[in-house]
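As a starting point, one isolated chain is supplied in structure tokens, in the form predicted alone.
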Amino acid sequence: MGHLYEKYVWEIPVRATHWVNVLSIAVLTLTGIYIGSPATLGATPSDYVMGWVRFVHFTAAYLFAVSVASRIYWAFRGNRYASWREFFPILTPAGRRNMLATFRYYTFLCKKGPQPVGHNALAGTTYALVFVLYLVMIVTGFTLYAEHAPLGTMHKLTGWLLVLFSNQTLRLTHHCVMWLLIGFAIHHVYSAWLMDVKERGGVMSSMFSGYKAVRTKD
């Protein structure tokens, strides 16, 4: 086992968008569940509970959309660990080898797996799929939101979806993807904690500081 060195891996835009996504998804989930199954929380109609919940939901949605767009932009401007290439290891022979080695490690077919500085190959691929889910949530959400203003710019940009799919289909898709993201979040936290314990690379703390413990000085 080699010496551990401290390396700056996760840049500020990566960490900032990560935590903005965490906060916005938590708020969107809680308010979305209420909007989907409203309960009477106000003593009188003037309490305007649903109105406030929808306002918080839409504000968090705008924040989430800006955060996701910023992270996609940084995938083309950031360092090698923030690069879009980290999310598509299948495009290179080395990436495919790392995917297979990580799969063998995860399925207990070998005792030691790759220890990349950035994302491991399977995690990177998973994050690419998660970003697809993010985009589905943003597009379906803003399509439903734009229905209140049929002549507005947002409706002109997203209204074609209502031609292809019904309002209820979009709502069901929006709702189902929410549960997929909740499932991913549970798995994500568990995996990060497990890798932190096994690899001792400081995965959890690196999402605050940006630094990871690595075994090479490259």
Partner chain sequence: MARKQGSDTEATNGLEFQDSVSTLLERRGVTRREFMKFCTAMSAALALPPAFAPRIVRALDEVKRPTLVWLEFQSCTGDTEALLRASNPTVAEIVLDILSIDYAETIMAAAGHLAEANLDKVVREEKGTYIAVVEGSIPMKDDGIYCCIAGRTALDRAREVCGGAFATLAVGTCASYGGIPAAAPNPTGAVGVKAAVPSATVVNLPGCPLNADNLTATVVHFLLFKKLPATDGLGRPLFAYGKRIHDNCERRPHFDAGQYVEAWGDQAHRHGHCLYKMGCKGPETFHNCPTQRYNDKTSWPVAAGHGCAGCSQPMFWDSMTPLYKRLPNVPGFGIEATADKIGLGLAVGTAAAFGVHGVLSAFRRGDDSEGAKED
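Note that the coordinates shown come from a computational prediction; the quantities given were computed from them, not determined experimentally. Numbering follows the first chain given and starts at 1.
Omitted from view is the form predicted together with its partner chain, to which the following refers.
Only one of 87 to 95, 127 to 135, 68 to 76, 142 to 150 lies within 4.5 Å of its partner chain in the predicted bound form by heavy atoms, and it is 142 to 150. For the residues A192, A26, M154, M50, the 4.5 Å heavy atom test against its partner chain in the predicted bound form is passed only by M50. With a 4.5 Å cutoff on heavy atoms, L100 does not count as touching its partner chain in the predicted bound form; it lies far away. Interface residue remark: E199 is counted as part of the site for its partner chain in the predicted bound form, having a heavy atom within 4.5 Å. Interface membership of Q115, defined by any non-hydrogen atom within 4.5 Å of its partner chain in the predicted bound form, is confirmed. Contact check for Y211: every heavy atom lies farther than 4.5 Å from its partner chain in the predicted bound form. The partner is not shown here, but in the predicted bound form the stretch 170 to 187 reaches within 4.5 angstroms of its partner chain through a heavy atom at R171, L172, H175, C176, W179, L180, I182, G183, I186, H187.
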